[in-house]
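This document starts with two versions of one protein chain, written out as structure tokens and named structure 1 and structure 2.
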Structure 1
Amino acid sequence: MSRTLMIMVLSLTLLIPELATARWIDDIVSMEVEATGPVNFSHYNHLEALGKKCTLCHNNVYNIVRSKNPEFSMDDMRKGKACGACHNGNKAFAVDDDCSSCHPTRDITFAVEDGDAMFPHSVHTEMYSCGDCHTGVFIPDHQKSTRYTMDQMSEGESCGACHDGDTAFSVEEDCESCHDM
């Protein structure tokens, strides 16, 4: 066997598995979501789960050319569009089941005069689902900068909706639990 032929056979032997596993595509596709921050979609995770069948999504649900994809909302997904085509609770977890699987969560610090107040997402998501707060009490919106006073919270607004002394410690009880003092 000639040296050139041997190099070609060796190259193909190494290249074919790479093509077959689709590792030549970008793994992470980041989608900007104004209300929550970026959602990072992993091609590799989905390829593993779906048996490397790119055509299940492309071009049925998503066009391979990103600019040709329409914008979609959580309501659209709940109706079976975009991610909701599979994330419906039957094929894969429903779009409302575990928000943090797709949406980033982080601790939030509020700069206030009486000592910065910190909201620890991890503490709260151990006890509650995202929808317990983010469908009514706190609607995610990075543009919204509503500030509540301690008096408003004592009357059940904002954190006071749960921190009422019954559901959780009262906003009037332990200042150091939230405020950097």
Structure 2
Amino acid sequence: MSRTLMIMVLSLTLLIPELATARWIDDIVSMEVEATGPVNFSHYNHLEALGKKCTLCHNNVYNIVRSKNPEFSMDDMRKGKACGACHNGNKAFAVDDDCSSCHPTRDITFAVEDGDAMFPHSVHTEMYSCGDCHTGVFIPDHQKSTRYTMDQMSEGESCGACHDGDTAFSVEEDCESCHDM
């Protein structure tokens, strides 16, 4: 099916919501976000929570033609735009409640010969927001990241931006707090 035809058929199903079934569409729409890594929006979970009503989002909140949607900031969402049309603490959990439900994180292991170092995201996301580290201190992509030495950390780079013995325990002590050694 050509893209134009597909869009026409979809537009028609939007006018007749009963005809629209979740099976016609892919579940996950991945939205690239440089500062946090991708947000994977699930159509199926939403259609289950809301009923199969495409018109709740299309096209007043989001156009189904993705290039027609501007990029939204978290501030736009706090003001009720995009995901914030529902994620306001009333219709669904608020955008400020739990960043990780939309921006998933995992613990990161840095391979080190003397003993791998572990970075527990959740310990940190309870104290900081994503923007405190991404992208200023770390890019949110472990494969492409710059590697640092302990000497550079002692000078305030990478983990050393906070683990300086003042904001958090120092990189010059407590090796075992981070390393499996």
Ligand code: HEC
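Just so we're on the same page, residue numbers count up from 1 along structure 1's sequence. Each form is matched to the other, and the largest set of C-alpha atoms that superpose within 1.5 Å is called the rigid core. A quick note: this is a predicted structure, and the numbers were derived from the prediction, not measured.
Participant: Pick the form predicted alone out of these two and give me its number.
Facilitator: Only structure 1 fits here, because that chain is the form predicted alone.
Participant: Pick out which of His103, Ser158, Met118, Val123 lies at the hinge where one rigid part swings against the other between structures 1 and 2.
Facilitator: Among the listed options, His103 lies at the hinge between structures 1 and 2.
Participant: Relative to the larger rigid part, how many degrees does the smaller part rotate between structures 1 and 2?
Facilitator: Smaller part versus larger part, rotation angle: 39 degrees.
Participant: Core superposed first, then measure: what is the displacement of the CA of Asp107 between structures 1 and 2, in Å?
Facilitator: Displacement of the C-alpha, rigid core superposed: 2.3 Å.
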